[in-house]
Each structure stands twice: as C-alpha cells, then as structure tokens.
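Just the one chain here, laid out as structure tokens, in the form predicted alone.
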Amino acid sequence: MNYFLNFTCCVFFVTMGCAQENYPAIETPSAINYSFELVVDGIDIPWGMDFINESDLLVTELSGTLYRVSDGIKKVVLGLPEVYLRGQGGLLDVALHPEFKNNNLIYLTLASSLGDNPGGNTSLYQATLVGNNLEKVSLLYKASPNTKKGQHFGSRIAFDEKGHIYFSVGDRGNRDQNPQDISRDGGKVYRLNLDGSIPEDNPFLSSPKAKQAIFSYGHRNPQGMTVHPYTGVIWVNEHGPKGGDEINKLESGKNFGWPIITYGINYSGTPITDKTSSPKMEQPFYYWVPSIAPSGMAFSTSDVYKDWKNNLFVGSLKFEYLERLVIEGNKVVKREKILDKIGRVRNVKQGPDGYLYVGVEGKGIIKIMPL
C-alpha cells in the first residue's frame, strides 16, 4: 500500500518540474471547419506513405504490399523484399530519398526473417523505383537477434538536412535487455548516411561493443517521426505501456529512459518503476496519460488551413482521431480532436500540395480539406 502511495506521489512531484503531461484537456471543436474525402481506398492498414508529386504517392500495407497510387489508380509495386508477418510486424514505412527526382531511390522499413535465429526483426532497405517495380534492392541495416515476439517493431523514417537517414526499431518486447544496452538492437533510433554507411560523428562510433548506427536509445516503440520545420530537430512519438506515451526531441547519444523511468505502468496496473526521472536520462517534451496509442506525426506548415500553421498532428490508434497540438514557447497550449471517431489513425503526412493526408485503418488515405 505504501509503495503504491509513494509511486503516485513521485509521479506527481516529478511531473510538476520536469515534463508536461497531457494538459490542457483535449477539446472537441464546437464548429467543424474542415471536411474530408477518401482519396485511396482498399488498404486495410495503410502503415506508411510518401509523395512523389501531388498526384502520385507510395503507400505501404502492413500485410506486405507496396502500392503506387497515380491519379487515384492503385497498382502493386513488384520486387519487394520478403516480409516477415507476425503481430505488429510487416511492411512498415516508406520514404523517398531527398534527391528522388534525380535518382529514383526509396527507403523501406519492414520486418525481416533474415538471420540465423527463428523469427524476425526490423530492417531498412534501399531500392530504385522504376515504374511499378523495385530494382537494385539493397539491405542497409537489419536489427538482431530475430525473435518470434510479435510486438514493438517500430518503425518510422526521417531525414535531416545533412545527408542522414533516421529510422526507429522498437524494443521488440524485451524491455529488460534491449533499450538500455547499446550493444544490442531494439529500443533505439538509428542514423546512417544515405548510402547506408555509418556517419563519422555518430555518438557511439568509438565504443567497440556498441551498435555504431545508434543515434539515441532508451526508447520503447517509436511509431511517429517528423522533422521540426524550423529547428531541423527530429521529433518522435512512442507508445508507452499503460500511460506514458511520449513525444521526444532527439539528441545525439541521449538516453530517453525506458524502462528505468516512465510515466506509465504495467497493463496489469502494477508499477514498472518508482522513477519518472534520472539525472542522465531525458524527459519527454510531452506525455499522455492515459495512452492514446500515438502513430504517425507531422507538422502542418502550409497556408492551406486557417489557424493550423505550424501545429503538430498525431494519430491516435486507441481513440480513433487525429490530435492537433498547438505549441507555444516550447509548451503544448491547446489540444483538439480532428476527425473524431474516424477509425484507427495509422499515419499522417503533409502532401506537396500542403494538405494533410491521413492513413486510417479499414478505410485507406483521407485528405482533409478546409471549409
């Protein structure tokens, strides 16, 4: 009894000084100033997407199909590497090389069974897109070891302006070993050069036992990743356990604490730890209690939507809406439900036309239009 009381008090007092919980309360707007239309249908779990141009995009289906959608016509892209399907694992994110117009290169994260152990783990591939075919498919990184556990594969992709690709791998359901050990994959965000080589300034390059592609660690299951439009910093959101979903701003070599510190508890209701902070571990920029099960994440930077410019949008799998977060002075000052009860929101992306496109499970891709 005293343990639970002490744990609760610890959470309260540390929260007061170290991280912003999910306040203010989320609002449902009294007046809806947008509509939406379904622009891509027939995709059960549209996990990832990226735009070639305003009328041409790539969409991944978790079950292992990559689609190219041109002028509303959906076609299967051939030549995909073998995808390991288990639980949350499958075909995950897709992203165009920053110089795609010149080289036709794309990147994919997917669960792969490559390796000696049975099961699978998250991998990063590069390929050349030629029409509706993948050519010169190359494996850039494969997390190990394989496991038959079906949870926490990650995985999102983002780029900085210095020629690096970032991608996430969840802790693969092994919180006690993977996230805090830089000699092991899992519970990490990785950084590579665009050709798959290791950047010379990666934080653990001089640590002989470390996985040298690691950029940050102590993550649980990052399923949203985006670049801040002004600072260039990579932001991630990640699933907590019961409570404690987080938004984190990545920094080289930083430890984001899982599972040593967390604002969540076990699904059974028991504590994971009595700590929500540690001197050598990073606090989240923001966290949710209860969990919303965050998925894709994007900033809206266009002038398409009145009052939405520079707001952050995060999908909620659990509560089936798109969450709009207004940030002022490094603090969330307003939260709002967009597309409330639309379905499990898997992804959100700003298209080259400035509109927000939302991947919804059981529906496909939705375009949000202002009224």
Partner chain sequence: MKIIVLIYLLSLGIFSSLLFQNKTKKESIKAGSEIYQDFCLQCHLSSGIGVFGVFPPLKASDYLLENTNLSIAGIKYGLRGKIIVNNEEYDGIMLRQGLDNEEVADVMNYILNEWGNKTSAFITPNQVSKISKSILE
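Only a predicted model underlies this, so the values are computations on that prediction, with no experimental measurement involved. Numbering follows the first chain given and starts at 1.
Below, we turn to the form predicted together with the partner chain, even though it does not appear here.
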field: Exercise: residue 320 in contact with the partner chain in the predicted complex, heavy atom 4.5 Å
entry: yes
message: Under a 4.5 Å heavy atom criterion, is residue 290 part of the interface with the partner chain in the predicted complex?
response: no
- request: Verify the contact flag for residue 362: yes if a non-hydrogen atom of it lies within 4.5 Å of a non-hydrogen atom of the partner chain in the predicted complex, no if not.
  value: yes
- request: Indicate whether residue 226 is a 4.5 Å heavy atom neighbour of the partner chain in the predicted complex.
  value: no
task: Among 273 to 281, 82 to 90, 196 to 204, 243 to 251, mark the stretch whose residues have heavy atoms within 4.5 Å of the partner chain in the predicted complex.
output: 82 to 90
Contact assignment for the partner chain in the predicted complex, among 149, 74, 142, 164, heavy atom within 4.5 Å: 149
statement: Checked 312, 57, 40, 62 for heavy atoms within 4.5 Å of the partner chain in the predicted complex; positive is 62
task: Sequence order please: the residues of 36 to 50 with a heavy atom within 4.5 Å of the partner chain in the predicted complex.
output: 44, 45
